[in-house]
Structures are given as structure tokens and as C-alpha cells.
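Only one chain is given next, in C-alpha cells, and it is the form predicted alone.
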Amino acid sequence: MRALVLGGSRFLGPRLVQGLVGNGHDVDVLNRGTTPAEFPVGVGRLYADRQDRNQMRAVLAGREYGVVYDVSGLAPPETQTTIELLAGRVGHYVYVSTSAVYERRWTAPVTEDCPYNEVEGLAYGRNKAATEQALFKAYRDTGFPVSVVRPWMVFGPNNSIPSREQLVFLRVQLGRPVFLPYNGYVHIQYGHVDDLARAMVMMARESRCIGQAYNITGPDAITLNGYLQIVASLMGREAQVVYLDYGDVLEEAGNYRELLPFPWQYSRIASIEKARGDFGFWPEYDSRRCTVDSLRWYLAELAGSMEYDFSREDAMLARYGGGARRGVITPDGLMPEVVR
């Protein structure tokens, strides 16, 4: 099958391209060409700015694809262009969205039929939701063959959001505290980039996925304390923690995204049963194995060279770091000890 990847230069993109080539697909990658990326021999390179309709039309003229993976679409206008240019010339269009499209839930797990978040959240999630809605409208109106993937947090080597993993590893390595909300028992769920890429490759073969959305993430949810305990056990050292009250988190996190680069207001737990039922996907990486792989890459590539300005966190320590706010998470798996 001939496949086109829109984007493809960072994190997920190269893993997806490798997975497609490994499964015998002929692959083209379309992007602006501004980010260096290495792809397997034989992968075609197409260059265009998705914001420029004329460039996109010229590059895609006369091309047909069995599957198109939209990794880089952020807002409705650019994706509307690909809908119009590829109509009738694509067998399956897989759009990478986000779990941020969902509204807050009283219950868990979140399934794919849960409502969109219409009233809160950042522009990123709202734009992804609007793009999904435009794609599904095209499916209903014209049969445009779209599927939507909703990843939760994606971890793994070469993560393009360093605060998700690398900064946590660096803080523990340096003996610096990690700031967590409340008492650290908010649950998060994350998956490995290779599992996400594998799920997307699997979807290409399944016509039943057309017109559907799928949560893709790891098989287990873990508390933030639990995540730090995995890190502590793998690094063989204690993880220092400062727990922040809601008001303090609200004040700090809005202007300092690196502080809490994960959903912190409430637990976010997904069901991935729909993907298992419709195309047989189940993740190979649970929370621990995913962290093992990320840390292995960090230690090999970044541990001796990564730098970060912690002055902002030092100022926060002066404000919040005393008394019962401090905790210690040990490598042995015991519950966190709060220093009083």
C-alpha cells in the first residue's frame, strides 16, 4: 500500500514511517523540510507548507494513496485543505488528535463516545476537537474515509516534549525536588510512542475503523507518586517531592508549563477496549516498561549533557518548600513519606 505521512519529522513521525516501511508500505513524507529527520532508504520526500494551499495543491497533484496519516494537523483550515485536495484519491485518512478533546468526567474510564470539551481547556484541545468535527462532517456528507486516533500522553525515546520525562529524570538525578499537585495521588495514563505507531499501522488495513475514533494509550493508569516511584527504583535513588495545594498550583502552573506537564486537575483514565475489539490492538508497554525505555534513552543520550535553568523552581522552593509539603519517594516501593 502507498502511504503518505503529513508531518513526520519529530517523535511519532519517524517511528510511524519506520513501522510502515517495516510492514511493506511505500511511504512518502510531506512537510516543510525545516526539521532534520532521517528516514529509511526509499522513503519519498515532498515539501510544502500546509498553510499554503497552492503549495499543497502543486505537491499533491495526481497522487493517490491507500492511506494518509495526518500527524501535523493542528487546526481546521489546514485539514480542510487536505480533505478537498485528497477527496477521491485516498483510501483511508488517519488523523492524530488528542485526549484533550474530552470534557471532564465524573466517572472513569473515558470512552470514545464521551462528549467534547466545549467550555474549558487550551486552544490546542479546542482546535483538535474542531478539526475532528470537520473531518467527521466530511465523512457523513461525502464519505471521506477518516479515522481519528486520540492518544493520551505519549512517552518514549526522543520525546519532543522534554518536560514530560527528561526533566523528571534530570531532577531526580540532581537530587532536586519534583513538584506535584495535592498529595500526588492524581492518576495519569501514558503510552509508548511505538505502541501508538503500531496501532496506526494496524488501522490502515481495517475498513471498519473508517468513521470511528479510538483512544490509544498504555494499559494501566498510575498515580503521580507511582510514576516517581518507578523512576526512583530505576535510578536507584530517592525522589524528593514538594506537594502543592490547589491554589498554589493554579497560580504557578499557568505561566510555567514545565512545572506540571500533565493533566493535574483530576485523574484521566482511558478505555482502549474499542481499539482491541475493532482492530486487535493492545499495547506492549505498560507504565514501567515504557519508563524503562525512556530512561535508557535518557541515560545514553542526555544524562551528561542536559541543562536547564532551575532558578524559577528555586524561587518556588523558597515559597512552598518547607514543612509538611515535602515528601520522599524511595526506590523500595514504600508509600511516600511526608516530612513533618
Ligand SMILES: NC(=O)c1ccc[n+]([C@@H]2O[C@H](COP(=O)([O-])OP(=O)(O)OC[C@H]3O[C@@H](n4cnc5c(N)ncnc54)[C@H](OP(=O)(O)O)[C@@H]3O)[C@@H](O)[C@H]2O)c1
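So that there is no doubt, residue numbering starts at 1 and follows the sequence shown. It should be emphasised that the depicted structure is a prediction, and the values quoted were computed from it without experimental measurement.
Absent from the display: the form predicted together with the named molecule. The rest refers to it.
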Exercise: residue 331 in contact with the named molecule in the model of the complex, heavy atom 4.5 Å: no
Distance check, residue 319 to the named molecule in the model of the complex, heavy atom within 4.5 Å: no
Contact of residue 34 with the named molecule in the model of the complex (heavy atom, 4.5 Å): yes
Interface membership of residue 151, the named molecule in the model of the complex, 4.5 Å heavy atom rule: yes
Region of this chain that lies against the named molecule in the model of the complex, out of 241 to 249, 132 to 140, 68 to 76, 104 to 112 [heavy atom, 4.5 Å]: 68 to 76
Residue (of 163, 127, 97, 233) lying close to the named molecule in the model of the complex, criterion heavy atoms within 4.5 Å: 97
Heavy atom within 4.5 Å of the named molecule in the model of the complex - qualifying residues of 1 to 29: 7, 8, 9, 10, 11, 12, 13, 14
